[in-house]
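Below, in C-alpha cells: the form predicted alone, a single chain.
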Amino acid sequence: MIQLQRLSGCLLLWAVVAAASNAAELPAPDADALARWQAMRFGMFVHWGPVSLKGTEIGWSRGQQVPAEEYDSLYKTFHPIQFDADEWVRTAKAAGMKYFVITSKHHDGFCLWDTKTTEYKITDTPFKRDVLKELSDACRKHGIQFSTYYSICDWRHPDYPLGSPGGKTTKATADMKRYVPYMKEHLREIVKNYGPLGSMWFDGEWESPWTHEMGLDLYRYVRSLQPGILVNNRVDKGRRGMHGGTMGHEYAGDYDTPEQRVGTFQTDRPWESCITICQQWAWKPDDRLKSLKECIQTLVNTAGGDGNLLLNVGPMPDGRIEPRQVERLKEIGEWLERYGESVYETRGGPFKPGAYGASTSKAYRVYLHVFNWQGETLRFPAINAKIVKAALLGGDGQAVVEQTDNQILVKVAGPDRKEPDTVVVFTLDRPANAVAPVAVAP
C-alpha cells in the first residue's frame, strides 16, 4: 500500500510537471497587440447565416425548432440581396466600435467564406458572394480591426462525434483524427485569405470530443499562421462556463470570455464580455431590444471592470442589420462622441464597480461614472492620491468634491446630473495606475 501511494504521488508529480511544461511551451501573446485590443474597449459581434430565414437561434435550433434536414437545406434559398458589407462596418463605426467579429462558422457548420473544403458555404447559395472577403475589405477601408469567430464543434459534419440537437446525439462513423485537419484547413484559409486578423474567437470547446491537448495544439497552430494574432480562452478546456474565466495558467488563450454578463473586476488578465443587443444571438422577429440606458451602463461597467464589450447584432435574412438595432447603435455612438475619452484607452478602477456605477482611468485622470446617486452625496473610500481638480465631463455644471484621509464625498446638483451616466472627472497628483483599487460600499 505504501509503495502504491508513493508511485501514485510520483505519477501525480509527473502529470503536474508535464502540464506545466506544455503551458511553458505556448508562445506568449503579442503584448503590443493585446494592449491595442484592450484600448479599443468596444467591438461588434455578428451572428448570421441561413438560419435567419427561420428567425431561430443559430446552431442550437437545428434538430430542435427546425428539423435538421430542413435546417441544412436553408442555404439553398439563402439570398440576402440587401447585404452591404460597407454599410455594416459604417454602422459599427457610427456606434463607436473599434473592432468587428463575424461568425465564419457556427455550430451548424455553415461557412461564410469561399472554402475549398465543403459545398455548405455562402458561395454555393443563390447569393454566391464571399461575405468574409467583403467584410474584411470594408473593415480595412474604414479602419476597423477585423476578426473572426470559429466554432470547434460542428453538429452537421459527419466526422465530428456529436450532433443536433445541441450536441445530444452521436455519430457512429465520426473520427476526430479526420475532423481536426478539416478544421485546421478552415483556419488556414481564413487567416491567409482574409487576414491579418485581430483575433480568432473560438467557441464550442466545452464538448467531450475536444481535449486540453487538442486545445494546446490548436493554439500553437493558429499562432503559427499569424504570430501576432490574439486567441480567446475557448480554444482550450480552461473556461469556467458562462462566467468565462480561465481555470489556470496551463490552459491556452490570451483573454477570458464572460457570456451574456459583465465580467468581474479583473486587471491581471484581459477579458471581453460578449452580450446581445437583443436576447437571441441570431435575428429573431420582434426580439426585445435593450434600451440605450442598458447598453451604455453595460459598456461602462465592462470598461470599469477593465474589460472589453463585444456587443452582438443578428442581421436579417435580406442582409440588413435590423433598422431599430442600427438606431440603437447610432445612439450609443452619439454618447461616445461626447464621453468616449472616459472609455477608450482607459483601465478599470480605481473605484471598483458597484451600486453607484463604475470608474475608469488613464494618465492622471479618474472618470467616475455615476448611475445611481442614492441621495445628495456619494461617499467613496480614501485612495492613495490627492485630487487636485474635479469637473463634469461633457457638459455644463459643477462637481463638488471633498477629500479627507478617510473618505471622498462627491456632490452634483440634480439639474447637472445626466441620464444614464453622470461622468465626474478627478485630476490626481500622480498617475492613476499608481492608485490601488478599492471596493465601494453598497
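All values reported here derive from a predicted model rather than from experimental measurement. Start at 1 and count along the sequence shown; that's the residue number.
There is another form of this protein, the form predicted in complex with a small molecule, and it is not shown here; the text below is about that form.
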**Request:** Identify whether the small molecule in the model of the complex is within 4.5 Å of every residue in the set H47, R234 and M242, based on non-hydrogen atoms.
**Result:** yes
**Message:** When the contact criterion is heavy atoms within 4.5 Å, does F42 count as touching the small molecule in the model of the complex?
**Reply:** no
**Message:** Under a 4.5 Å heavy atom criterion, is W37 part of the interface with the small molecule in the model of the complex?
**Reply:** no
**Prompt:** Should D203 be counted as a contact of the small molecule in the model of the complex, where contact means heavy atoms within 4.5 Å?
**Reply:** yes
**Message:** My question is simply whether F380 lines the interface with the small molecule in the model of the complex - judged by any non-hydrogen atom within 4.5 Å.
**Reply:** no
**Message:** By the heavy atom within 4.5 Å rule, which residue out of W281, Y255, Y356, Y367 makes contact with the small molecule in the model of the complex?
**Reply:** W281
**Asked** Pick from F83, Y149, Y251, Y219: which residue has any heavy atom within 4.5 angstroms of the small molecule in the model of the complex?
**Response** Y149
**Asked** Heavy atoms within 4.5 Å of the small molecule in the model of the complex: which of the stretches 368-376, 203-211, 179-187, 317-325 has them?
**Response** 203-211
